[in-house]
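We begin with a single chain expressed as structure tokens, specifically the form predicted alone.
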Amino acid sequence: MDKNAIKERSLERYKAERDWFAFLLEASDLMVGPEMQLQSKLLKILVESKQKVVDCVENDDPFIAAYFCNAPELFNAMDLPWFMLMETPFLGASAPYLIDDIQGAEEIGIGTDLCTAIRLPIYYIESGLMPVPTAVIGLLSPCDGAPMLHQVLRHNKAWRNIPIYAADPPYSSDDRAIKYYARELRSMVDFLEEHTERKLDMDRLKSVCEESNRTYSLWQEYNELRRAKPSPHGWEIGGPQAFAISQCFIAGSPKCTQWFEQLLECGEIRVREGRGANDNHEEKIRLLWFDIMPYGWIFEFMPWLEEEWGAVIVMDMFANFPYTLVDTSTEESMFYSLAKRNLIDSPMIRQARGTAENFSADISRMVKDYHIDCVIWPGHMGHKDGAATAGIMRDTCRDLGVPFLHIGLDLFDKRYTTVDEVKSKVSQFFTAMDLG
């Protein structure tokens, strides 16, 4: 297969996803109301982000593959389009081919004990279904599974010569650790300048970080609204979308800030009118979902929670807001703040990289701040770090006087624990705890 044929195959899936979201954008533009406008803004950002990658591949312009917790403001400041290596699994609810892809990963021999969010990109790389970037910014935390992708890249014919850099995350979270990681981010910039021929301008970085601060400030203001009873939004809007907008596309862009302005307006309208997350169902249970959303079967489960039990996900791990705003006063302070945000504040990285207290402290704060009635740790099969701290989370909830449920499932593959089995476990839990 020649170079052009490889390039075209690598874009087939990516273009299909772009076209699907472009279709959804056209449909959402026909609908009225502030929350539909919110969806339109999100879809437009997503489509534009994917189109930039397509353009880079077709025009041989530099672009990178990376992860959400690699200080994406730096990519924006360097005018470097990028995509997340684990992107497709997190679009699972909108990807009808997800189960087929999981099966395909099994058929080429990828172990089923490996996190599905890592198995799938390995499958896409090995099958030539992922755009080959100019460079890769890797990830060494929060689990041992993530670096396995690096090994796959080094053995894949199309990727083996693509340069890779991964910032080294220290275990501790003190001032020394943050300064160390700030130096790692500077080395990342040096690496990108060398391999993409794009230069980082500090004035441009300051502008991007100031815009990023506006985005995060609006997010914090919006999360205050979610304390209201009833909560203005649940699983559908406030968490995963806010996280994706702030960190997975064009971090530090005015378009992100405009999206959060719209989100805040939507929340204020609902709180002012006393409306909850679901206009047709009363809020009876205020739920903390302490992990990623079940992207592979989200539409089969989350609406059921609200309709059957009046259970509203008032807060989740990725909607949580422990973020540091960037001090833009000096070059040193910008890198220090970005290091803290991406080493210590980013969800999942925050909980799993360091000590178990990160799990218990976050649960305690969210339960108290958002008047949570119960906590669900879904127990994703790939989050073995969390499995090791489930007992600590349970003890924390016992001390707080709130029920705790540990399920055991795959957030992407509904064959692991079926949706009906999850519903049954949750129903038994709510009934036993006299909730709803």
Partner chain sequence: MDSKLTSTAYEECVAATASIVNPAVEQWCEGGGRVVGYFCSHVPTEVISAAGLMPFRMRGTGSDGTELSDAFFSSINCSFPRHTFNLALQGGYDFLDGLVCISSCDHVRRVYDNWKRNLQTPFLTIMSLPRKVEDAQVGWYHEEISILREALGKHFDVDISDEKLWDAIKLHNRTRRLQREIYQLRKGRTPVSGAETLAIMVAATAMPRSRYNTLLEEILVELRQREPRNGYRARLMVVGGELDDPSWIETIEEQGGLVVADSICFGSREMWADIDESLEDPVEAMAKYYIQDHPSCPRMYGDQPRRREYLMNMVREFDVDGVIGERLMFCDQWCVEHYMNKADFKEEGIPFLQLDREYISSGKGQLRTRIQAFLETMGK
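Numbering follows the first chain given and starts at 1. What you are looking at is a predicted structure, and each value in this text was computed from that prediction instead of being measured.
Omitted here: the form predicted together with the partner chain. The next part is about that form.
Listed stretches are 256-264, 271-279, 107-115, 294-302; the contact stretch with the partner chain in the model of the complex is 107-115, by a heavy atom cutoff of 4.5 Å. Contact between residue 167 and the partner chain in the model of the complex is found at the 4.5 Å heavy atom cutoff.
The partner chain in the model of the complex comes within 4.5 Å of no heavy atom belonging to residue 213. The partner chain is not shown here, and in the model of the complex it never comes within 4.5 Å of any heavy atom of residue 31.
When contacts are judged by a 4.5 Å heavy atom cut-off, residue 49 does not count as touching the partner chain in the model of the complex. Candidate site formed by 11, 198 and 209: none of these residues places a non-hydrogen atom within 4.5 angstroms of the partner chain in the model of the complex. Listed residues 329, 103, 151, 161 were compared with the partner chain in the model of the complex; 151 is the one with a heavy atom within 4.5 Å. The partner is absent here, but in the model of the complex a heavy atom of 351, alone among 88, 351, 247, 337, sits within 4.5 Å of the partner chain. Contacts between 343-381 and the partner chain, taken as any heavy atom within 4.5 Å in the model of the complex, involve 351, 352, 353, 354, 355, 356, 357, 359, 360, 380, 381.
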